[in-house]
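Here are two versions of the same chain, shown separately as structure tokens and labelled structure 1 and structure 2.
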Structure 1
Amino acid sequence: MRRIRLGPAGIRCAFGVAVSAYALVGVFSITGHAGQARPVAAGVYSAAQATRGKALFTDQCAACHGEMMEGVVGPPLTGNDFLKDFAGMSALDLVDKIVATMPQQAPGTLTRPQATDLAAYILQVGQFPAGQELTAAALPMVMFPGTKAAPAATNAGGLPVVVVANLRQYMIGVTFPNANIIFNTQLKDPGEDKGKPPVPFDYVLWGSTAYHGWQQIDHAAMALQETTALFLVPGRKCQNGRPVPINKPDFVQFTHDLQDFAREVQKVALTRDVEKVSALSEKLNDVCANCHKVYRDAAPPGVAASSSLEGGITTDRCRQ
């Protein structure tokens, strides 16, 4: 593989690649969806597929989703809640979801034909009739009833506020990186950070050297203030498939506390006094932990509490 050269030319080039890759995806998805859409109720899978799917399901899925798909640790895979999640989506979306993320403790271990068999069994349990074989080519045409849920809100210009991540993914993608920038003041004085470009080149490290020092702390504190409110967007789920407990007053309070605290960090960061900001960042940790103690790390009755960051069966997340 060719090494990426440092400097703007290399960066433009990489953006160019990203843009053309996107264009290609567009072309493929148009051809992929060509053809006649068919409802899941139209006899879209074979009985043999469902039988194979049942064996896999019993072996690999039932522990979390229940023998009858009624939901245990994982959500139900039949009934209204399930159909609502897949409303307006295709059998391909279901197969992709299974292949990429299930079984939850070992994603990526199923083949596409196996995931298709599982999808067939899910349709059978959902009382959609069997019929012809569900082929790879048919997957994008087979549609679940209904339309996708409307976005929670729209901005100026009608731009939807989309909810894509579950709360865990949101924390890891948005909250955690910004908080870590602030926590880092315990180890490094931002005033000493001269922003040396990384060798070998690395986009993530380069980004943090391009806008380095105290500005980085300012940006992280602002980002936390703006993005924390999105914990409470209706429609977001926890990793265990339960809705984020946005109706619980203490959860809402913990969210407010983080937003307020980030404002305080922004204010104190303007003193450019590393001792002060470092002390505050230790308290920031408490603001996160106050909520985690109740809603992330607590275990339901009868299950041992765990705050493990490793995968495994996540009965202890977003407990309500």
Structure 2
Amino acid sequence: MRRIRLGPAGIRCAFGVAVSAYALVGVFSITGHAGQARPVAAGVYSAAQATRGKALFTDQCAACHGEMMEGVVGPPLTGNDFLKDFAGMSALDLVDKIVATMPQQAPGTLTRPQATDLAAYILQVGQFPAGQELTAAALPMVMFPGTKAAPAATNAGGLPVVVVANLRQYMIGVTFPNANIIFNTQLKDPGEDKGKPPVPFDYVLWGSTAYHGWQQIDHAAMALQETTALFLVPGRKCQNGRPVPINKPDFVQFTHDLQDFAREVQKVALTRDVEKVSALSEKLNDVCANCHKVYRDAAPPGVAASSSLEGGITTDRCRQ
């Protein structure tokens, strides 16, 4: 093979290529290290971050989650319940949740660095050791111990019955709107609803015009019958992080009462008699209130009681 001689310029070029190659190897080595999953017990946050997070927590979070993160209106942020909720998840999942949903009275107002500081303080209170700074790049690699629990049950087709929402969220998304359709018979005769399309167009309002009048009452009654049973799915929690009290006979009875009421509404609605359905809606108020005054409205000391259906089960009564 013919030997190639390099002049000074060629030597400088070759040296530059070699240095670049070594630099790339170093970068890939660092990146590979940073990309490795690390447990939360491996010193993944700094003491300075936790100190900043403590100040934020006291100002923004303690009223709901408790001074010691034990859970009051909001769920606990330490202990077995918290670790079970985040089992197999990353610090990024925790930070994303803080950014998107906290504080409850003003979600979305915390910055991502602030949420990261809060995550650091949560780890500190959970007695995980401090170490290096928790960076945005490291968040997805920092993992909580354990794995997500398997679904509690499946339906006839083998699909898992997945518990995603807490009871308050579930009620707001499912129970509350269907109950309000029935309550609205006190103000409006469904038979007079002509279902006019909204101007300007609105998808939510349009839905009530596509299936309007007595159809809405029928559908709401059927939906309440089918969905109320899901209050009792094992694994669902209250807003404060406590398990839904499905082992309490009175809570189970309250759930049955709502389902029975919906069945009664469906039958009466077939008469298309607005006076009869409107009268029944008063009973719905009692059915809801019977449960709320035991499991929701009696707030713990220092926490204002909620008095509306969308409040969900939010108090320490769920600890029973």
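Rigid core here is just the name for the largest C-alpha set that superposes within 1.5 Å across the two forms. Nothing here was measured: the structure is a model prediction, and the numbers come from that model. Sequence positions of structure 1, starting at 1, serve as the residue numbers.
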Margin query: These are two forms of one chain. I'd like to know which is the form predicted alone.
Written below: 2
Next item on the list: Please check if Val287 moves between structures 1 and 2, taking a CA shift of 2 Å or more relative to the superposed core as movement.
Entry: no
Item checked: Large Cα shift (2 Å or above) at Gln104 between structures 1 and 2, core-fitted -> yes
Check: With the core lined up, does the C-alpha of Thr175 move 2 Å or more between structures 1 and 2?
Finding: no
Note to self: Keeping the rigid core superposed, can you check how far the CA atom of Ala119 moves between structures 1 and 2, in angstrom?
What the structure shows: 2.7
